[in-house]
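In the structure tokens that follow, the same protein chain appears in two forms, which are kept apart as structure 1 and structure 2.
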Structure 1
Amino acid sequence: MSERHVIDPITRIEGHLRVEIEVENGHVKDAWSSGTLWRGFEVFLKGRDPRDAWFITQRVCGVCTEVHALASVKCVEDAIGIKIPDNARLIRNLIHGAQYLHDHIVHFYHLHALDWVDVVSALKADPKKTSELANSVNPNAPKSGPGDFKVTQDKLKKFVNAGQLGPLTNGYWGHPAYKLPPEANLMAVSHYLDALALQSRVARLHAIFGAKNPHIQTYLVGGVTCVNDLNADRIGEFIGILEETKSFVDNVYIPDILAVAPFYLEWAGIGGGLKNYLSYGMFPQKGGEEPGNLWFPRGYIKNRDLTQVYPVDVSKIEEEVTHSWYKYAKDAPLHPSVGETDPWYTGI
């Protein structure tokens, strides 16, 4: 006997998703997914002043905000041939780097971790053994004594007993697909909470030179508006938070990834695994033109062969809408520069 189940929307991703599955004898027999959130920025930007495009487009997302602003403002600058001053380039790199750090921490701990970490299992952990585990995988991490993990466990116990898990609600706690031992779960939950506190500090990195987070205010076509903020106090504050964040990444975040990943190695093979990688590059350096001056280089890798990086030919990029709720006047993929945004919703 088969059953149909619909999960709509799935919200812990950027862009809501509808998933429908057919289950037969306890196994998924078939599945269908549909992206159901259309933002429409390509349409309502038409007719607007291009100098405002960066300010508007970053509203497409409340997590990865600055990247849309940067891409948009650079598009306009490229179109009219503007070269920004070095101070503006440095400030944009600092803000963009802060976004890069913030995004990685938030996505791993607050958007992904609960798929791998059984929160309720942490109640069974021995804080002393958790401390030993933490010191073996995170030897330079702060707050790694038995008492620290006991505090986290007691806090978690209060949540569970009250029936109010807050941001940890609605997990599949106890499901056999969770493979971490209780001590690893307690360590991860503790670091989840540490990351929650840290991410507000990392967000301040955007505000120092970008005025606020999310959605910075200080870009404009031709540069930035915050050059006067390049003073000793502001730079010192930025460096202080940056060092704090770097310490967390080096001593907590990366060791946590290396500790969790061995328990879920089979996931690396789902869908054939990642074989090709494409990067447009980022962080322009002084002198030269893009892409030659990018600190993260531009290029692509084929079939996991790291010995050769191929140049990116943007003329070969095409938009394919066969399985999307759009229609093209011509029944063929188009380059984005001549692409069309014509919504055509035909039903689930």
Structure 2
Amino acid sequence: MSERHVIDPITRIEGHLRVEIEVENGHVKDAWSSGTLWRGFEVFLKGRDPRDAWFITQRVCGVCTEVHALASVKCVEDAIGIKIPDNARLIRNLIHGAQYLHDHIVHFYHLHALDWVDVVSALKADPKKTSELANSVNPNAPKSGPGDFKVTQDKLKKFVNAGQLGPLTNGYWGHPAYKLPPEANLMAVSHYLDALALQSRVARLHAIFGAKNPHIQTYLVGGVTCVNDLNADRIGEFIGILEETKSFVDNVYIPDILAVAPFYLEWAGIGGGLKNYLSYGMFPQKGGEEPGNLWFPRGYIKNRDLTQVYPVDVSKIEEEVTHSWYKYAKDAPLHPSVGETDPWYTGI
């Protein structure tokens, strides 16, 4: 006996997602996901000045901001054969690296954590034990005294007692799928709040050389514009925030993963998609041509077999519209460069 459930909206993501699941005997048997927003970037990008393309493309996503801009600006440079100056390469690598840092922190704590961490359970934690837990996971843990956790817990208590739960309203608090003990929950909530303050600092890494975050505005076909920011003051601030962030990642973020993971080990076997993975690689190094000079190499992996990495042949990439709300003139997949954008909405 199977039943269907619809989860719409899926929250704590960018965009609008609907997931439909078929549950049988307490297990998901099948699932369908639909993005329920179409904006038509492929349509309005046509006919625009290629120098502006990155500016428009960046607006695909404001959470993973910058990455679409970088992809677009590299495309145009590749098309007209521009090689950017070395300083521009470095600045782009710094900005893109900062995006890695920022996105991982926000993704783990603010978008993801509430699926694993029961905030209400943290109210029952003993701050002293929480401190012991934190220090056992990482002896160098910052802000990990019993007093620190007491402050967080009191803050949380007052917040909950005030009666307005805000973003925590209607959470699945107390559900048996939450496996963490109260102390681990309190530690995680405390770090959720720390990360909330930190992500705003990490975003400054973008603003230093990228003028603002989200949506940086110093990229340019041919390089970057932030020549005036290449001074000791700016570089010093960048290094400072980078150190601060690294310290958080090393002493809080990774230990948190290690502390939480044992409680959810069975989840590690779930998912994986089609088990084939593709990466275009990133962070070009000095000299050489892409993809040879990429610090994160380019390649794809078949069927979860990490021992073998195959080279990427972009000419073999195809777009299929069978399971999407598009139609093609002919019922055959096309390479993205000749792909058609013809929406055809057949309903959910």
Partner chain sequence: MCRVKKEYSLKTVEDRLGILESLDRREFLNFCAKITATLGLASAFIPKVAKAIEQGARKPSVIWLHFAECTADSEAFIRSTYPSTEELLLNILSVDYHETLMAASGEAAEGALKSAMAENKGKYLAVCEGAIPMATPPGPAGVPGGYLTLAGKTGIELAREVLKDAAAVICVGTCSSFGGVQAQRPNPTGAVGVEEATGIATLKIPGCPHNVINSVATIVNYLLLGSLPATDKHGRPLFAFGKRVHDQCQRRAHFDAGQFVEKFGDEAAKQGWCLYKVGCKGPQTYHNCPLVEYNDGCSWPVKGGHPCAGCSEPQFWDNMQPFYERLPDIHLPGVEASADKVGFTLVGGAAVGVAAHAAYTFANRKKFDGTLKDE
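Think of the rigid core as the biggest set of C-alphas that the two forms share within 1.5 Å after superposition. Start at 1 and count along the sequence of structure 1; that gives the residue numbers used here. Because the structure is a prediction, the values reported are computed rather than measured.
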Report summary line: Structure holding the form predicted in complex with the partner chain is number 2
Query raised in the report: Core-aligned, is the CA shift for Arg304 between the two structures 2 angstroms or more?
Result: yes
Report task. Kindly check if the Cα atom of Phe44 is displaced 2 angstroms or more between the two structures relative to the superposed rigid core. Result -> no
Query raised in the report: Once the two forms are fit on the core, has Trp32 moved its CA by at least 2 Å between the two structures?
Result: yes
Query raised in the report: Cα of Asp8: shift between the two structures in Å, core-fitted?
Result: 2.5
